[in-house]
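This document opens with one chain alone, in structure tokens, the form predicted on its own.
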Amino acid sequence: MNQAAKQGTMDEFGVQTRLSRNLWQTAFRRFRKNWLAVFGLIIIILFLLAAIFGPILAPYDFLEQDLTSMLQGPSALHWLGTDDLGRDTFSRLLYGARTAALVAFSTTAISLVIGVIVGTWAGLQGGRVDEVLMWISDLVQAVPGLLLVMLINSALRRPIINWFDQLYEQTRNSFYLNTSWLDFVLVFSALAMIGWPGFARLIRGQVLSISKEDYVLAARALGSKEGRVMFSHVVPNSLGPLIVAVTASMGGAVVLEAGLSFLGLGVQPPNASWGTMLSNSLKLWQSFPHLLIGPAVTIGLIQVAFVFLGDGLNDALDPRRN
């Protein structure tokens, strides 16, 4: 009897393994046929490579100024021209990719963790807990996102810098003089603050709807533990919408970071940012359009690539598609 039970368990795991492998193979075939999704994936890979290896690939240092080469158009020496300080535009785009990638992935990861925890807790607990958590998420979403981010950055940046100046006067520790990392912390915190409610509502809705499906009820009736039901049935069937939300959030984070830097509230010089490049080009772009075209096209292309990738992954991983 024990041997038969063991064999039955092994067969069950073997069937589950084969089914899982077949599902992933089917998803890969679907994704490969979607040329827009493949295009988006290629752009995102190039974006990540630029973020990782940008300083190595850049022909010039992004801070290097050459006043004899100011406002030059694209050429063999400067592929995308130079700005009003003689800095190479292509090199600055590569360095800016690191800033954009760091902000996009970090803020999305923070928002996702908070949103999944809050949404799952609200969906499973229901009642008063659900009402309170959803009321908080509604309150955050009721405030315009960009306005909230601007408020957080402008309200916290100066007090923190003043506090660090006081700490330096007391300790003479040079660590408190370098506050360039503060820009990233404030951007991460502000964007995560406005990003988690969307994930929380999405996960809550998935938990509430999928938990009532027949196959979930059958699994519970057969004695499956709640954790196994969640990770074997609820979570896998929530992957499609969640992946779309994650990819859209990454693209949105890139645009929001650029917008904040454009307004002077995001990543500050000497750190490179596509938004800062756009802001610096405003007065000169009509006479020197290459200053605007480089960062603007890059931001738009990255945003579109994330959308294409998310839609393609959603279609490929949707278990209801034939």
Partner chain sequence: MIQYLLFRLLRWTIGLTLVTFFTYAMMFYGAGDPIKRMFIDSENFDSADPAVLEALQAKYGLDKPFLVQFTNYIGNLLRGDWGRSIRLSVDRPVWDIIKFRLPVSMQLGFAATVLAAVFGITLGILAALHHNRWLDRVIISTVIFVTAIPAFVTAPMLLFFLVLVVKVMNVPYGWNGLFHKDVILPVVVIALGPLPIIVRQTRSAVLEVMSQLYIRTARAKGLPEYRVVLGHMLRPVLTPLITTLGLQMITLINGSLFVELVFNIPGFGLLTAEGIRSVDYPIIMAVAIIGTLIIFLSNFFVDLVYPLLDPRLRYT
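Residue numbers count along the first chain shown, from 1. As the structure is a prediction and not an experimental result, all values here were calculated from the model.
There is another form of this protein, the form predicted together with its partner chain, and it is not shown here; the text below is about that form.
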With a 4.5 Å heavy atom cut-off, would you call W135 a contact of its partner chain in the predicted complex?
yes
Answer for A258 alone: is it within 4.5 Å of its partner chain in the predicted complex, judged on heavy atom distances?
yes
If you check in the predicted complex, is P289 within 4.5 Å of its partner chain, heavy atoms only?
yes
Please tell me whether any heavy atom belonging to R158 falls inside 4.5 Å of a heavy atom of its partner chain, as the geometry stands in the predicted complex.
yes
Only one of L94, I152, L112, I243 comes within 4.5 Å of its partner chain in the predicted complex by heavy atoms, so just point that one out.
I152
Only one of L48, L57, I42, L263 has a non-hydrogen atom within 4.5 angstroms of its partner chain in the predicted complex; which is it?
L263
Assert contact_stretch over 143 to 151, 94 to 102, 117 to 125, 211 to 219 against its partner chain in the predicted complex, heavy atom within 4.5 Å, equals 143 to 151
Heavy atom within 4.5 Å of its partner chain in the predicted complex - qualifying residues of 272 to 308:
L278, L282, W285, Q286, P289, L292, I293, A296, V297, I299, G300, Q303, V304, V307, F308
